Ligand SMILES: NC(=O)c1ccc[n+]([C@@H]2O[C@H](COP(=O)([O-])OP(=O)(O)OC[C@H]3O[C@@H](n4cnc5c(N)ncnc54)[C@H](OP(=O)(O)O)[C@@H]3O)[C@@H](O)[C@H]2O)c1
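Below you'll find only one chain, the form predicted alone, shown as structure tokens.
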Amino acid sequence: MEEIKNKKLTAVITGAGGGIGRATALRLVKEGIKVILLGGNRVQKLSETEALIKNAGGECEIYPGNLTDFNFLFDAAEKIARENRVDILINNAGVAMNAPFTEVTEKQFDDIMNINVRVPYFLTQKLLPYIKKSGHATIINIASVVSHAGYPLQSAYVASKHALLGFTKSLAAEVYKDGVRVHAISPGGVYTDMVKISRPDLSEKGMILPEDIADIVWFFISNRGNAVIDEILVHRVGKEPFLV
């Protein structure tokens, strides 16, 4: 993988205060990629990720803030692109919610759509012109098993992740001739803080770990031959294969 290290790539990652985002950031800096951690109201968590990266000898910048505040999002995106090359974008930030369909409020619906759909959509739109300049242009959207299946008590979350996967497919079809590769990772239960809240019935045993998803992110980035994998679906070890 020395070739990638020599390219001095830079990756923008959302939702890196913990879970998949943090594990992915740590995985990429291990491979010599500079990471820019964008967004996160929990500044302490983002700073903890930054400290872990720098302790590991990695290069990192953080831009804490509310991703759904589009003034912040667009200003940060422009500053990042002005001061850095942008080779890779990983749209990881997301929220989940458990509630009966009849009890979901307009605000709850808007909140989940804003972070899970609008943020990756418009952040990608802002950064795409810069990503296109890279010889390693890669966009990875962290979708979900619920991008393919409907689970009870998760109607708003399911709708948002279906939308994210649909956006991913359409964007990939628009930009592949420009050399931009757009991928989706659709995991089942990953043991993160979000899953602990949305699925308190699950325990760590047998769950997908954030590091497992980080390895898949690295697979997409490091395997850039003629064979292209658009999406990887991931299920827990205890789940029956080929079912969502």
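In case it trips you up, residue 1 is the first one in the sequence shown, and so on. The model shown is predicted, which means the values in this text are computed figures rather than measured ones.
The following text describes the form predicted in complex with the named molecule, which does not appear among the structures shown.
Judged by heavy atoms within 4.5 Å of the named molecule in the predicted bound form, the contact stretch among the candidates 74-82, 122-130, 169-177, 137-145 is 137-145. In the predicted bound form, none of the heavy atoms of Ser47 sits within 4.5 Å of a heavy atom of the named molecule. Although the partner is absent here, Arg42 lies within 4.5 Å of the named molecule in the predicted bound form, judged by heavy atoms. The named molecule in the predicted bound form comes within 4.5 Å of no heavy atom belonging to Met113. Residue contact check for Ile13: none of its heavy atoms lie within 4.5 Å of the named molecule in the predicted bound form. If you take 41-68 and check each residue for a heavy atom within 4.5 Å of the named molecule in the predicted bound form, you get Asn41, Arg42, Gly65, Asn66, Leu67, Thr68, in sequence order.
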